[in-house]
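Take a look at this single chain in structure tokens; it is the form predicted alone.
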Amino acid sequence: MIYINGELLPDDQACISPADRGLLLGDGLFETMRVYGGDIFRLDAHLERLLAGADFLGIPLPDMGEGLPQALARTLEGNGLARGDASLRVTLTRGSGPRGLAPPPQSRPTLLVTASPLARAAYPPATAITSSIRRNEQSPLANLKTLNFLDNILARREAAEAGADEALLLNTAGDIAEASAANLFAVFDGVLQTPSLGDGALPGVTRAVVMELAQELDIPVVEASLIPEQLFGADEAFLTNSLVEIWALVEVDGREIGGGKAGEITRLVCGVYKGETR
């Protein structure tokens, strides 16, 4: 069952206009959320990021007759996931408009919500490559979760062709911004380091949770630029996003990190994170 602009419809009946700017121009945003036992993890943080992006782009929320949290709950219930583990995606577009780039003066946005069952899983340690695709950290879109994801898709294709799980994107200065679908953390002498938002990193919800947990665990954490050569010398590293949660990164460009296995801090933070989601 698909939620679209206030209606919950079977997927073969849920349609958007062929003139929708999200389809034609990537004019929109999305959020992917993790659901544990029917509870949406860090819902407020996801909605805050979505609404901030919509405000920046000038996309209003459609009048659905209910709030967005209620729409999400209806979608979960309609898919038999009111008490289940699931992934939940919200897509917001500017809606239909005339031909051309200029946004219509009166937007009629499209809000689409989908839900799929997603069991808890333990992922084997990840391998990555450094992608040839560069993140433009100076773009006003660098820190927004927009529908313009082709750079990430191309980077992930490079990873797949190289037999790796992920791809690291460098910014125009040659610093690591993030992975194609995850934020990056590395550990140096007990200090947890992650690229700053100014380096082009997405303000990931799981990234923020990990930084909070690190402080609670008395693990020093810093946001600082990181070049690939530094990463190769890290004691350990891991990736984060809402669906994979915390994913040990043990190899980049064929070179081992942390002896090729999940490190102590990675395992510690992962264990505490899993406790937060129970």
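Start at 1 with the first residue shown and count on from there. The structure presented is a predicted model; accordingly, all values stated were derived computationally and were not measured.
If you look for the form predicted together with a further copy of the same chain, you will not find it shown, but the lines that follow are about it.
Every residue of Leu25, Pro140 and Leu243 near a further copy of the same chain in the model of the complex, heavy atom within 4.5 Å: Yes: each residue has a heavy atom within 4.5 Å of the partner.
Could you tell me which of 187 to 195, 68 to 76, 204 to 212, 126 to 134 sits within 4.5 Å of a further copy of the same chain in the model of the complex, going by non-hydrogen atoms? Looking at the partner contacts, the answer comes out as 126 to 134.
From the list Leu111, Leu81, Ala159, Leu147, which entry has a heavy atom within 4.5 Å of a further copy of the same chain in the model of the complex? Contact residue from the list: Leu147.
Heavy atoms within 4.5 Å of a further copy of the same chain in the model of the complex: does Ala122 have any? Ala122: no, not in contact with a further copy of the same chain in the model of the complex.
Under a 4.5 Å heavy atom criterion, is Ile16 part of the interface with a further copy of the same chain in the model of the complex? Judged by the heavy-atom cut-off of 4.5 Å, Ile16 is in contact with a further copy of the same chain in the model of the complex.
If you check in the model of the complex, is Gly233 within 4.5 Å of a further copy of the same chain, heavy atoms only? Gly233 lies outside the contact set for a further copy of the same chain.
4.5 Å heavy atom contact, Asn183 to a further copy of the same chain in the model of the complex: Contact with a further copy of the same chain, no.
What residues, if any, in 51 to 71 have a non-hydrogen atom within 4.5 angstroms of a further copy of the same chain in the model of the complex? Stretch hits, in order: Phe56, Leu57, Gly58.
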